[in-house]
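Next up: just one chain, as structure tokens, the form predicted alone.
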């Protein structure tokens, strides 16, 4: 009875979590008139017009392209920078190492609003405003500390004897790190990449502040849909559905790494 009751509670909880997603999908197939005038569990006037607007209007679909570009750039840069840093923290002891590690984590704890104005002024001065690399580098301020923290926990689980054995066998550090060490922490790399991707994908303040036209992300586009005719709720809902898809795909492909991360690492 207890097991059956727990299963019932979990099922109800999952259904509760799925309600907003279902309602978003439901709205995306409705007309604005139906959305604003009646309460319906299913579309009475089923329409694909909302998705057609997004897929044919450059101001919409380019938002997705821009978001994917700077998110992928940020993930690659963050993991590339975090790997050697995490290795140093996990293998060596040096003066101020704990203070430096704590300082890295404090950057992740700070709200993005603190850095929006400095980044805007800096990028405007050097000509990086409204570029993909500007947003990617800005997000590194938060993603690199997170990636270092996650990867350091995985690296500490790898015995140091493996490093010493590789050096005795004549491996250079680069060859050892790429061919031997990185496959051993593949789960940690997958987990760190997942969190870097998701933070960049959902972050709004910095991406909106540092872009205007050429690199404007989909999150910024969705906040600028008010026109003289009012809010286009159907298009907004369709954009929300399409925004969920990349994150869902990333979770699907790295789900095994995430499960191992919860079991072995600092997740």
Partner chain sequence: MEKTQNNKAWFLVLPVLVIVAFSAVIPLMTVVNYSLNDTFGNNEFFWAGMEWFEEMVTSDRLHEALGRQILFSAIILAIEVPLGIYIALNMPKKGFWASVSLVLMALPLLIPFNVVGTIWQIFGRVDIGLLGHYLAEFGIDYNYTNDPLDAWITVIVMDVWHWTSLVALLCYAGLQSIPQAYYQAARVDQASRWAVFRYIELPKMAGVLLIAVLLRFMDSFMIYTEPFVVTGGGPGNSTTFLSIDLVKMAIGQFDLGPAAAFSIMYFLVILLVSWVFYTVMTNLDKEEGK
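Residue numbers count along the first chain shown, from 1. Note that the coordinates shown come from a computational prediction; the quantities given were computed from them, not determined experimentally.
The protein also exists as the form predicted in complex with its partner chain; that form is not presented, and the subsequent description refers to it.
Between the options 118, 183, 127, 170, the residue in contact with its partner chain in the model of the complex by a heavy atom within 4.5 angstroms is 118. In the model of the complex, its partner chain lies farther than 4.5 Å from every heavy atom of residue 213.
The closest heavy atom approach of residue 165 to its partner chain in the model of the complex falls outside 4.5 Å.
A residue is said to contact a partner when one of its heavy atoms sits within 4.5 Å of a partner heavy atom; residue 240 meets this definition for its partner chain in the model of the complex.
None of the heavy atoms of residue 59 is located within 4.5 Å of its partner chain in the model of the complex.
Residues 236, 240, 243, 244, 247, 248 are the members of 236-250 with a non-hydrogen atom no more than 4.5 angstroms from its partner chain in the model of the complex.
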